[in-house]
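The chain below stands alone and is given in C-alpha coordinates; this is the form predicted on its own.
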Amino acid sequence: MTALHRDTAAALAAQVRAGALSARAVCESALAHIERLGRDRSGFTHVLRSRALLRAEAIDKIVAAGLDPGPLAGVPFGVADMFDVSGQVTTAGSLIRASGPFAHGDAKAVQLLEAAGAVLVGTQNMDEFGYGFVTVNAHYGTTRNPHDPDRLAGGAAGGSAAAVAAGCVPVSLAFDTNGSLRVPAALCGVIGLKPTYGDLPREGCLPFVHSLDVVGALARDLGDLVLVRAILRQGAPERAELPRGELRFGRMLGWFDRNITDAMRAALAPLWREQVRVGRELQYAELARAAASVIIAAEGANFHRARLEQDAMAFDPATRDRLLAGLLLPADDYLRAQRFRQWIAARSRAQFELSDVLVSPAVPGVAPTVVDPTMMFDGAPVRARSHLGIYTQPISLMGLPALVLPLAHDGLLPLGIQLIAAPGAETTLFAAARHLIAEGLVAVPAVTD
(Lines give C-alpha, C1' and ligand atoms only; values in the text may rest on other atoms or scores of the structure.)
Protein backbone atom coordinates (compact mmCIF):
# COMPACT_ATOMS: atom_id res chain seq x y z
CA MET A 1 0.00 0.00 0.00
CA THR A 2 1.40 3.40 -0.96
CA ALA A 3 0.96 6.77 0.69
CA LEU A 4 -1.50 7.70 -2.07
CA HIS A 5 -4.06 5.30 -0.61
CA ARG A 6 -3.90 7.06 2.76
CA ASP A 7 -4.19 10.64 1.46
CA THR A 8 -7.40 12.61 1.67
CA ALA A 9 -9.14 13.71 -1.50
CA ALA A 10 -8.21 17.34 -0.77
CA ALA A 11 -4.53 16.45 -0.34
CA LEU A 12 -4.41 14.46 -3.58
CA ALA A 13 -6.17 17.23 -5.51
CA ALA A 14 -3.79 19.87 -4.14
CA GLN A 15 -0.78 17.88 -5.35
CA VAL A 16 -2.30 17.31 -8.80
CA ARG A 17 -3.28 20.98 -9.19
CA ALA A 18 0.23 22.04 -8.21
CA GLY A 19 1.80 19.67 -10.73
CA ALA A 20 3.58 17.75 -7.97
CA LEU A 21 1.68 14.57 -8.81
CA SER A 22 0.06 13.44 -12.04
CA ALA A 23 -3.59 12.46 -12.15
CA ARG A 24 -2.57 9.42 -14.21
CA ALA A 25 -0.20 8.23 -11.48
CA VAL A 26 -2.98 8.58 -8.89
CA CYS A 27 -5.41 6.70 -11.13
CA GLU A 28 -2.96 3.89 -11.92
CA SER A 29 -2.19 3.49 -8.23
CA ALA A 30 -5.90 3.22 -7.38
CA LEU A 31 -6.55 0.72 -10.17
CA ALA A 32 -3.58 -1.43 -9.11
CA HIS A 33 -4.75 -1.41 -5.48
CA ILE A 34 -8.26 -2.47 -6.50
CA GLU A 35 -6.80 -5.30 -8.59
CA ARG A 36 -4.52 -6.47 -5.75
CA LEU A 37 -7.38 -6.68 -3.28
CA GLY A 38 -9.80 -8.40 -5.64
CA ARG A 39 -13.54 -8.06 -5.87
CA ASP A 40 -14.47 -9.25 -2.39
CA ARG A 41 -11.94 -7.02 -0.58
CA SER A 42 -11.95 -3.89 -2.77
CA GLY A 43 -15.73 -3.60 -3.00
CA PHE A 44 -15.57 -3.02 -6.79
CA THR A 45 -17.49 -5.21 -9.22
CA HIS A 46 -16.85 -3.28 -12.45
CA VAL A 47 -13.54 -1.44 -13.00
CA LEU A 48 -13.58 1.29 -15.67
CA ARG A 49 -9.85 1.25 -16.48
CA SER A 50 -9.90 2.77 -19.98
CA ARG A 51 -12.37 5.50 -19.09
CA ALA A 52 -10.50 6.37 -15.89
CA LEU A 53 -7.08 6.62 -17.53
CA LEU A 54 -8.40 8.80 -20.36
CA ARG A 55 -10.05 11.08 -17.83
CA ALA A 56 -6.85 11.28 -15.74
CA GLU A 57 -4.79 12.15 -18.81
CA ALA A 58 -7.23 14.94 -19.64
CA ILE A 59 -6.78 16.34 -16.12
CA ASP A 60 -3.01 16.34 -16.58
CA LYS A 61 -3.33 18.24 -19.86
CA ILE A 62 -5.46 20.88 -18.15
CA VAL A 63 -2.81 21.31 -15.44
CA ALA A 64 -0.02 21.44 -18.04
CA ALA A 65 -1.89 24.25 -19.80
CA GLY A 66 -1.84 26.29 -16.59
CA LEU A 67 -5.56 25.86 -15.92
CA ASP A 68 -7.40 24.63 -12.83
CA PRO A 69 -9.17 21.25 -13.25
CA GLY A 70 -11.25 21.79 -10.11
CA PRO A 71 -11.21 21.12 -6.36
CA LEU A 72 -11.16 17.33 -6.85
CA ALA A 73 -8.45 17.30 -9.53
CA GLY A 74 -7.38 13.72 -10.20
CA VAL A 75 -9.21 12.27 -7.19
CA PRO A 76 -10.39 8.69 -7.89
CA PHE A 77 -13.88 7.80 -6.73
CA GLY A 78 -16.37 4.97 -7.07
CA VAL A 79 -20.14 4.71 -7.10
CA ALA A 80 -22.58 2.06 -5.97
CA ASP A 81 -23.83 0.03 -8.91
CA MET A 82 -27.12 1.90 -9.11
CA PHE A 83 -25.64 5.10 -10.59
CA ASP A 84 -25.77 5.34 -14.38
CA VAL A 85 -22.37 5.32 -16.09
CA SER A 86 -22.38 6.19 -19.78
CA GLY A 87 -22.05 3.10 -21.98
CA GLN A 88 -22.38 0.71 -19.03
CA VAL A 89 -25.29 -1.33 -17.74
CA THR A 90 -26.67 -0.18 -14.41
CA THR A 91 -27.14 -3.64 -12.90
CA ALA A 92 -27.94 -2.59 -9.30
CA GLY A 93 -26.38 -5.85 -8.19
CA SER A 94 -28.66 -8.01 -10.34
CA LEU A 95 -28.26 -10.41 -13.26
CA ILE A 96 -31.69 -9.48 -14.59
CA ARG A 97 -30.39 -6.15 -15.85
CA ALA A 98 -26.95 -7.40 -16.92
CA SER A 99 -27.93 -7.71 -20.60
CA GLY A 100 -28.99 -4.07 -20.87
CA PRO A 101 -30.03 -1.45 -21.52
CA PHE A 102 -26.84 0.61 -21.58
CA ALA A 103 -26.88 3.99 -19.88
CA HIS A 104 -26.92 6.88 -22.38
CA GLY A 105 -25.17 9.21 -19.94
CA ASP A 106 -23.70 9.53 -16.47
CA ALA A 107 -25.82 10.11 -13.40
CA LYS A 108 -26.03 13.78 -12.43
CA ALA A 109 -23.90 13.23 -9.33
CA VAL A 110 -21.17 11.56 -11.40
CA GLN A 111 -21.23 14.45 -13.88
CA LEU A 112 -20.82 17.00 -11.11
CA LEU A 113 -17.88 15.26 -9.43
CA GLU A 114 -16.08 14.79 -12.73
CA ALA A 115 -16.73 18.42 -13.64
CA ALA A 116 -14.88 19.21 -10.40
CA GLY A 117 -11.90 17.16 -11.60
CA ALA A 118 -12.62 13.76 -10.04
CA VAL A 119 -11.98 10.48 -11.88
CA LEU A 120 -14.54 7.65 -11.78
CA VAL A 121 -12.68 4.33 -11.52
CA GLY A 122 -15.55 1.85 -11.18
CA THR A 123 -18.83 0.71 -9.71
CA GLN A 124 -19.23 -1.03 -6.38
CA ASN A 125 -21.03 -4.07 -5.02
CA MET A 126 -24.39 -3.91 -3.27
CA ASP A 127 -27.24 -6.11 -2.13
CA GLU A 128 -29.40 -6.81 -5.16
CA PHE A 129 -31.50 -3.70 -5.87
CA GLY A 130 -30.46 -2.36 -2.47
CA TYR A 131 -32.67 -4.77 -0.52
CA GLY A 132 -30.57 -5.82 2.46
CA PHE A 133 -28.07 -4.71 5.08
CA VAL A 134 -25.19 -7.13 4.37
CA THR A 135 -23.91 -6.95 0.73
CA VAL A 136 -24.16 -10.68 0.35
CA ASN A 137 -24.98 -10.93 -3.34
CA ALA A 138 -25.76 -14.27 -5.01
CA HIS A 139 -24.54 -12.92 -8.37
CA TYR A 140 -21.51 -10.74 -7.55
CA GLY A 141 -20.30 -12.21 -4.28
CA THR A 142 -19.96 -11.07 -0.69
CA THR A 143 -18.08 -7.90 0.11
CA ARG A 144 -15.74 -8.53 3.03
CA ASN A 145 -15.09 -6.12 5.87
CA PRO A 146 -11.65 -4.50 5.39
CA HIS A 147 -10.98 -4.72 9.15
CA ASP A 148 -11.66 -8.47 9.23
CA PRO A 149 -12.39 -10.41 6.02
CA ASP A 150 -14.32 -12.99 8.00
CA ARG A 151 -16.93 -10.34 8.78
CA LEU A 152 -19.60 -8.56 6.75
CA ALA A 153 -19.13 -5.08 5.35
CA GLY A 154 -22.80 -4.26 5.87
CA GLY A 155 -25.15 -3.01 3.22
CA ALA A 156 -26.84 -2.40 1.02
CA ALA A 157 -23.93 -0.25 -0.23
CA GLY A 158 -21.22 -2.34 1.39
CA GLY A 159 -18.93 -2.18 -1.62
CA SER A 160 -18.82 1.61 -1.41
CA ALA A 161 -17.89 1.64 2.29
CA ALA A 162 -15.33 -1.15 1.93
CA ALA A 163 -13.64 0.63 -0.99
CA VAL A 164 -13.11 3.75 1.12
CA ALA A 165 -11.99 1.84 4.23
CA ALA A 166 -9.52 -0.25 2.18
CA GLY A 167 -7.94 2.83 0.60
CA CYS A 168 -9.06 2.09 -2.94
CA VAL A 169 -10.65 5.54 -3.20
CA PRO A 170 -10.90 8.41 -0.71
CA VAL A 171 -14.61 8.95 -1.43
CA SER A 172 -17.55 6.96 -2.79
CA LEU A 173 -21.06 7.90 -3.78
CA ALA A 174 -23.83 5.60 -2.62
CA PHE A 175 -27.50 5.62 -1.70
CA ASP A 176 -29.47 5.36 1.51
CA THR A 177 -33.03 4.12 1.57
CA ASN A 178 -33.32 2.66 5.04
CA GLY A 179 -29.73 2.67 6.23
CA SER A 180 -28.02 1.30 3.11
CA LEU A 181 -25.14 3.77 3.46
CA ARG A 182 -25.09 4.31 7.22
CA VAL A 183 -24.90 0.63 8.22
CA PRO A 184 -21.79 -0.19 6.14
CA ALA A 185 -20.17 3.12 7.11
CA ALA A 186 -20.50 2.10 10.76
CA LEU A 187 -19.29 -1.47 10.27
CA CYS A 188 -16.35 -0.46 8.05
CA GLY A 189 -15.27 2.47 10.21
CA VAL A 190 -15.70 5.34 7.76
CA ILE A 191 -17.77 8.54 7.70
CA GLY A 192 -21.11 8.36 5.93
CA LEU A 193 -23.64 11.08 5.16
CA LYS A 194 -27.32 10.37 4.64
CA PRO A 195 -28.61 13.85 3.76
CA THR A 196 -32.09 15.28 4.06
CA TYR A 197 -34.49 13.75 1.55
CA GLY A 198 -34.05 15.65 -1.73
CA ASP A 199 -30.79 17.38 -0.74
CA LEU A 200 -28.60 15.79 -3.43
CA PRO A 201 -29.45 14.98 -7.08
CA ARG A 202 -30.90 11.55 -7.86
CA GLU A 203 -31.13 11.91 -11.65
CA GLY A 204 -29.60 8.89 -13.32
CA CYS A 205 -29.88 6.64 -10.29
CA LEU A 206 -31.94 3.47 -10.52
CA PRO A 207 -34.71 3.90 -7.96
CA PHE A 208 -35.67 1.31 -5.39
CA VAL A 209 -38.07 3.15 -3.11
CA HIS A 210 -38.74 6.53 -4.65
CA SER A 211 -40.27 8.07 -1.56
CA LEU A 212 -37.25 7.21 0.63
CA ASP A 213 -34.16 6.99 -1.63
CA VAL A 214 -31.44 9.60 -1.13
CA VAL A 215 -27.96 9.98 -2.63
CA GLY A 216 -25.18 10.23 -0.08
CA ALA A 217 -21.43 9.89 0.24
CA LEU A 218 -18.74 8.06 2.23
CA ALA A 219 -15.22 9.22 3.04
CA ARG A 220 -12.36 8.81 5.50
CA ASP A 221 -12.08 12.56 6.02
CA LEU A 222 -14.87 14.87 7.16
CA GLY A 223 -13.55 17.74 5.05
CA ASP A 224 -13.70 15.57 1.94
CA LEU A 225 -17.31 14.69 2.69
CA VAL A 226 -18.23 18.35 3.18
CA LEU A 227 -16.53 19.24 -0.11
CA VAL A 228 -18.29 16.49 -2.06
CA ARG A 229 -21.68 17.56 -0.72
CA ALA A 230 -20.98 21.20 -1.63
CA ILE A 231 -20.09 20.19 -5.19
CA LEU A 232 -23.21 18.09 -5.56
CA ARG A 233 -25.43 20.90 -4.25
CA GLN A 234 -24.11 23.32 -6.91
CA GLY A 235 -24.11 26.33 -4.64
CA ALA A 236 -27.65 25.92 -3.36
CA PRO A 237 -28.19 27.84 -0.10
CA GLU A 238 -28.35 25.90 3.13
CA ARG A 239 -31.86 25.41 4.45
CA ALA A 240 -30.97 25.83 8.13
CA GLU A 241 -28.55 28.06 10.04
CA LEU A 242 -26.00 26.84 12.55
CA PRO A 243 -27.25 27.06 16.15
CA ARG A 244 -25.84 29.91 18.18
CA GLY A 245 -23.66 29.09 21.15
CA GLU A 246 -22.57 25.66 22.33
CA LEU A 247 -24.10 22.71 20.52
CA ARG A 248 -26.62 20.74 22.54
CA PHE A 249 -26.35 16.95 22.23
CA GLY A 250 -29.27 14.69 23.08
CA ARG A 251 -29.10 10.96 23.73
CA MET A 252 -31.65 8.79 21.96
CA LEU A 253 -33.34 6.51 24.49
CA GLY A 254 -36.10 3.91 24.27
CA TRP A 255 -35.89 1.97 21.01
CA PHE A 256 -32.39 3.33 20.34
CA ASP A 257 -31.10 2.14 23.74
CA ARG A 258 -32.27 -1.45 23.35
CA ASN A 259 -30.29 -4.33 21.85
CA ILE A 260 -26.96 -2.51 22.21
CA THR A 261 -24.03 -4.88 22.73
CA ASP A 262 -21.88 -4.59 25.84
CA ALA A 263 -18.91 -3.43 23.74
CA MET A 264 -20.97 -0.67 22.15
CA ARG A 265 -22.41 0.44 25.48
CA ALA A 266 -18.95 0.65 27.04
CA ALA A 267 -17.60 2.63 24.07
CA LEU A 268 -20.54 5.04 24.26
CA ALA A 269 -20.10 5.75 27.98
CA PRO A 270 -17.54 8.59 27.59
CA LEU A 271 -19.74 10.28 25.00
CA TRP A 272 -22.81 10.13 27.23
CA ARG A 273 -20.81 11.33 30.22
CA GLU A 274 -18.94 14.21 28.60
CA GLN A 275 -21.27 15.60 25.92
CA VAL A 276 -24.90 14.67 26.42
CA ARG A 277 -27.02 17.00 28.54
CA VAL A 278 -30.45 15.50 27.93
CA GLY A 279 -32.00 12.17 27.06
CA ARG A 280 -34.70 12.03 24.41
CA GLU A 281 -37.11 9.18 23.74
CA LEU A 282 -38.43 9.21 20.21
CA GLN A 283 -41.86 7.75 20.72
CA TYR A 284 -43.27 5.30 18.18
CA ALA A 285 -39.79 4.55 16.76
CA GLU A 286 -40.69 0.86 16.55
CA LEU A 287 -43.79 1.73 14.52
CA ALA A 288 -41.66 4.00 12.34
CA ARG A 289 -39.38 1.09 11.55
CA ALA A 290 -42.38 -1.09 10.71
CA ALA A 291 -43.89 1.61 8.50
CA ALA A 292 -40.58 2.01 6.66
CA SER A 293 -40.49 -1.74 6.06
CA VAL A 294 -44.00 -1.69 4.62
CA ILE A 295 -43.22 1.22 2.28
CA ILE A 296 -40.02 -0.44 1.06
CA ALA A 297 -41.70 -3.78 0.46
CA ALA A 298 -44.63 -2.24 -1.40
CA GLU A 299 -42.72 0.25 -3.57
CA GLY A 300 -39.85 -2.15 -4.28
CA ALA A 301 -42.22 -4.91 -5.33
CA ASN A 302 -44.25 -2.53 -7.48
CA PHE A 303 -41.14 -1.27 -9.29
CA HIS A 304 -39.99 -4.83 -10.09
CA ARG A 305 -43.45 -6.35 -10.64
CA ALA A 306 -43.06 -6.95 -14.39
CA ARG A 307 -39.70 -8.69 -13.93
CA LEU A 308 -41.06 -10.80 -11.09
CA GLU A 309 -43.97 -11.93 -13.21
CA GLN A 310 -41.65 -12.66 -16.14
CA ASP A 311 -38.89 -14.58 -14.34
CA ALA A 312 -38.92 -14.49 -10.56
CA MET A 313 -36.24 -17.19 -10.33
CA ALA A 314 -33.66 -14.86 -11.89
CA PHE A 315 -33.64 -12.75 -8.72
CA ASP A 316 -31.27 -13.30 -5.82
CA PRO A 317 -33.31 -15.70 -3.60
CA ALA A 318 -32.99 -13.39 -0.59
CA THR A 319 -34.36 -10.48 -2.63
CA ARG A 320 -37.00 -12.48 -4.50
CA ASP A 321 -38.81 -13.75 -1.42
CA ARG A 322 -39.10 -10.28 0.10
CA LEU A 323 -40.28 -8.69 -3.15
CA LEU A 324 -42.89 -11.40 -3.70
CA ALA A 325 -44.16 -10.80 -0.18
CA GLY A 326 -44.36 -7.11 -1.02
CA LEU A 327 -46.68 -7.86 -3.94
CA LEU A 328 -49.17 -9.34 -1.50
CA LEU A 329 -49.38 -6.25 0.71
CA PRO A 330 -52.82 -4.62 0.71
CA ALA A 331 -52.89 -1.07 -0.63
CA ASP A 332 -54.47 -0.01 2.65
CA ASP A 333 -51.32 -1.02 4.56
CA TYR A 334 -49.13 1.08 2.27
CA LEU A 335 -51.39 4.13 2.51
CA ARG A 336 -51.57 3.88 6.29
CA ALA A 337 -47.77 3.62 6.47
CA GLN A 338 -47.44 6.79 4.36
CA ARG A 339 -49.94 8.65 6.52
CA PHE A 340 -48.05 7.56 9.64
CA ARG A 341 -44.84 8.77 7.99
CA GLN A 342 -46.25 12.27 7.54
CA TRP A 343 -47.51 12.33 11.11
CA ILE A 344 -44.28 11.18 12.78
CA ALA A 345 -42.11 13.37 10.52
CA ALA A 346 -44.02 16.43 11.75
CA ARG A 347 -43.84 15.18 15.33
CA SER A 348 -40.07 14.61 15.14
CA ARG A 349 -39.43 18.35 14.73
CA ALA A 350 -40.15 18.83 18.43
CA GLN A 351 -37.12 16.66 19.29
CA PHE A 352 -34.84 19.53 18.27
CA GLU A 353 -36.31 22.14 20.61
CA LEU A 354 -34.00 21.01 23.43
CA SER A 355 -31.23 19.38 21.35
CA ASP A 356 -29.44 20.49 18.19
CA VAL A 357 -28.09 17.01 17.48
CA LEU A 358 -29.44 13.65 18.59
CA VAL A 359 -27.01 10.76 19.05
CA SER A 360 -27.62 7.03 18.80
CA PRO A 361 -25.68 3.94 17.80
CA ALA A 362 -25.71 3.43 14.04
CA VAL A 363 -25.73 -0.34 14.55
CA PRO A 364 -25.94 -2.43 17.75
CA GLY A 365 -22.29 -3.56 17.72
CA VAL A 366 -19.49 -4.81 15.49
CA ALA A 367 -19.97 -6.49 12.12
CA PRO A 368 -21.44 -10.01 12.17
CA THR A 369 -19.43 -12.83 10.66
CA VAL A 370 -19.93 -14.08 7.12
CA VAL A 371 -20.42 -17.69 8.22
CA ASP A 372 -23.00 -16.72 10.85
CA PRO A 373 -24.72 -13.55 9.55
CA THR A 374 -26.90 -13.06 12.60
CA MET A 375 -27.24 -10.60 15.47
CA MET A 376 -29.09 -10.56 18.77
CA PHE A 377 -32.45 -8.81 18.86
CA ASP A 378 -34.64 -8.87 21.98
CA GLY A 379 -32.66 -11.81 23.33
CA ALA A 380 -32.82 -14.03 20.24
CA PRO A 381 -30.58 -14.46 17.17
CA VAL A 382 -32.07 -12.91 14.01
CA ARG A 383 -30.90 -12.41 10.43
CA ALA A 384 -28.51 -9.50 10.06
CA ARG A 385 -29.76 -8.93 6.49
CA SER A 386 -33.05 -7.55 7.74
CA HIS A 387 -32.15 -6.28 11.24
CA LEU A 388 -28.87 -4.36 11.07
CA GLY A 389 -30.85 -1.20 10.28
CA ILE A 390 -32.95 -1.13 13.43
CA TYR A 391 -31.56 2.32 14.38
CA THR A 392 -31.42 3.77 10.87
CA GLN A 393 -34.87 2.85 9.55
CA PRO A 394 -36.93 5.18 11.78
CA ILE A 395 -34.70 8.13 10.83
CA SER A 396 -35.21 7.45 7.13
CA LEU A 397 -38.97 7.45 7.53
CA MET A 398 -38.82 10.92 9.08
CA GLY A 399 -36.61 12.34 6.32
CA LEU A 400 -33.95 13.51 8.78
CA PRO A 401 -30.27 13.94 7.85
CA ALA A 402 -27.78 11.70 9.64
CA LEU A 403 -24.01 11.44 9.81
CA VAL A 404 -22.25 8.21 10.82
CA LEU A 405 -18.88 8.43 12.58
CA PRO A 406 -16.56 5.77 14.06
CA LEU A 407 -16.35 5.83 17.86
CA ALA A 408 -12.97 6.10 19.53
CA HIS A 409 -12.54 2.92 21.57
CA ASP A 410 -9.98 0.24 22.42
CA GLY A 411 -11.43 -2.56 20.29
CA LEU A 412 -10.07 -3.76 16.95
CA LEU A 413 -13.36 -3.58 15.05
CA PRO A 414 -15.27 -0.37 14.25
CA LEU A 415 -18.26 0.82 16.23
CA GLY A 416 -20.33 3.57 14.64
CA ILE A 417 -22.55 6.30 16.02
CA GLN A 418 -25.27 8.21 14.21
CA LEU A 419 -25.68 11.98 14.58
CA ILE A 420 -29.16 13.19 13.64
CA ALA A 421 -30.34 16.74 12.98
CA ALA A 422 -33.45 18.59 11.85
CA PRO A 423 -34.29 18.59 8.13
CA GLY A 424 -31.81 20.69 6.16
CA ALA A 425 -29.39 21.02 9.09
CA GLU A 426 -26.42 19.17 7.57
CA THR A 427 -24.06 21.99 8.58
CA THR A 428 -25.05 21.37 12.19
CA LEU A 429 -24.08 17.71 11.78
CA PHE A 430 -20.68 18.72 10.41
CA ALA A 431 -20.11 21.15 13.28
CA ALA A 432 -21.05 18.45 15.79
CA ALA A 433 -18.69 15.98 14.12
CA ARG A 434 -15.79 18.44 14.24
CA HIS A 435 -16.45 19.00 17.93
CA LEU A 436 -16.49 15.27 18.76
CA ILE A 437 -13.33 14.69 16.73
CA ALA A 438 -11.58 17.53 18.58
CA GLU A 439 -12.69 16.06 21.90
CA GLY A 440 -11.21 12.68 20.96
CA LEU A 441 -14.55 10.88 21.18
CA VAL A 442 -14.65 10.07 17.49
CA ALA A 443 -11.85 8.20 15.76
CA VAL A 444 -10.34 9.62 12.58
CA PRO A 445 -10.77 6.79 10.05
CA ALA A 446 -7.54 5.21 8.86
CA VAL A 447 -6.93 2.95 5.87
CA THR A 448 -6.84 -0.73 6.79
CA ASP A 449 -3.52 -2.49 6.26
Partner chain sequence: MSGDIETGPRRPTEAGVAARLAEAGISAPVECIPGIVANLIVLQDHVAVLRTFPLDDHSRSALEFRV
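Positions refer to the first chain, counted from 1. Nothing here was measured: the structure is a model prediction, and the numbers come from that model.
Here the subject shifts to the form predicted in complex with its partner chain, a form of this protein not shown in this document.
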Exactly one of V110, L222, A297, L271 has a non-hydrogen atom within 4.5 Å of its partner chain in the predicted complex; which residue is it?
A297
Which pick from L95, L242, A263, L329 sits with a heavy atom within 4.5 Å of its partner chain in the predicted complex?
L329
Give a yes or no for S348: in the predicted complex, does one of its heavy atoms lie within 4.5 Å of a heavy atom belonging to its partner chain?
yes
Find out whether any non-hydrogen atom of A325 is located within 4.5 angstroms of its partner chain in the predicted complex, and reply yes or no.
yes
Is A230 one of the residues lying within 4.5 Å of its partner chain in the predicted complex, judged by heavy atom distances?
no
So, in the predicted complex, is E309 in contact with its partner chain at a 4.5 angstroms heavy atom limit?
yes
Counting only non-hydrogen atoms, the one stretch of 231 to 239, 199 to 207, 213 to 221, 287 to 295 within 4.5 angstroms of its partner chain in the predicted complex is 287 to 295
